[in-house]
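For reference, the chain that follows is the form predicted alone, supplied as structure tokens.
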């Protein structure tokens, strides 16, 4: 086989792979939006209605408790994880740590990123048992924050490394301290940092395994940080296997909410990346 034939064959395989992935994506998103959208057409308030007393049996009420559970768990976790991630990413730069130290820490971060989410859940569950506590919203937040941390840190680290060296050189040349220089570097890397935070949020709000062992499952509205709570992925997991068609339809409606949320986060990340690109040297200016 000559090299031109190989090139044509490779191009054909690449286009076929891209078409297959796009077709699967369209099917998954399309079916979910179609099935879930029909539920919202017949019952527009299903996502903002508290569940009934027999919700998991007859589908009475809505899944507001799962929506609030997801928000109350993932938003605080994202705030905590983003602060820790940005701080760690700054430490990994050459101003604060040696190349060997940075490589070792990055190796562990890559391992953590590749660790299945359920392992984080079991880890926090072990702490819950050792402390004699019960599954609750606060432990779900801790587990999600641990899960998000390596994702956000790797994004932030790569964004800071990609920042132009001229930012540091100019900052030090003006007599700035390491902390002031780090602030300027973070501003120059904001698009990548924000992308990492939004990616971590999207991964956290769509994860069920981590929360399953730590936040518990409940059909009640979230009462406090030490009460059990449920999230949208756990709700989908439980309802999808129900014998009741009405309950199963709510699983599609919850999936609809999750997909719309993730698509909205992707759009927001693009908009924010463009907005904050003006802080980077050579970026767009409004």
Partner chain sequence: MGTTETNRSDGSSRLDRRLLLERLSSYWLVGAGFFAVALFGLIVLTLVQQSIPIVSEYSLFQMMTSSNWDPASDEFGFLPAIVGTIYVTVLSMAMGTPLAILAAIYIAEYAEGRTKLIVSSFIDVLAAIPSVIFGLVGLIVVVPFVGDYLAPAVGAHSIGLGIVTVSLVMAIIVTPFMISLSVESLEALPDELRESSLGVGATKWETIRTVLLRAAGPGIFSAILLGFGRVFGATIVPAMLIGGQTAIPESPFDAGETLPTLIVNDFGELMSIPLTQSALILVGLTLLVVVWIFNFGAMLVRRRLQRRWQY
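Bear in mind that the values here come from a model prediction, so they are computed numbers and not experimental data. Numbering follows the first chain given and starts at 1.
Below, we turn to the form predicted together with the partner chain, even though it does not appear here.
None of 67-75, 186-194, 159-167, 116-124 except one has non-hydrogen atoms within 4.5 angstroms of the partner chain in the model of the complex; the exception is 116-124.
By the criterion of a heavy atom within 4.5 Å, residue 237 is counted among the residues contacting the partner chain in the model of the complex.
Although the partner is absent here, residue 132 sits far enough away that none of its heavy atoms falls within 4.5 Å of the partner chain in the model of the complex. A residue is said to contact a partner when one of its heavy atoms sits within 4.5 Å of a partner heavy atom; residue 272 fails this definition for the partner chain in the model of the complex, lying far away. For the chain shown alone, residue 233 is a contact residue for the partner chain in the model of the complex, at least one non-hydrogen atom being within 4.5 angstroms. Residues of 80-99 lying near the partner chain in the model of the complex, listed in sequence order, are 83, 84, 87, 88, 90, 91, 96, the criterion being any heavy atom within 4.5 Å.
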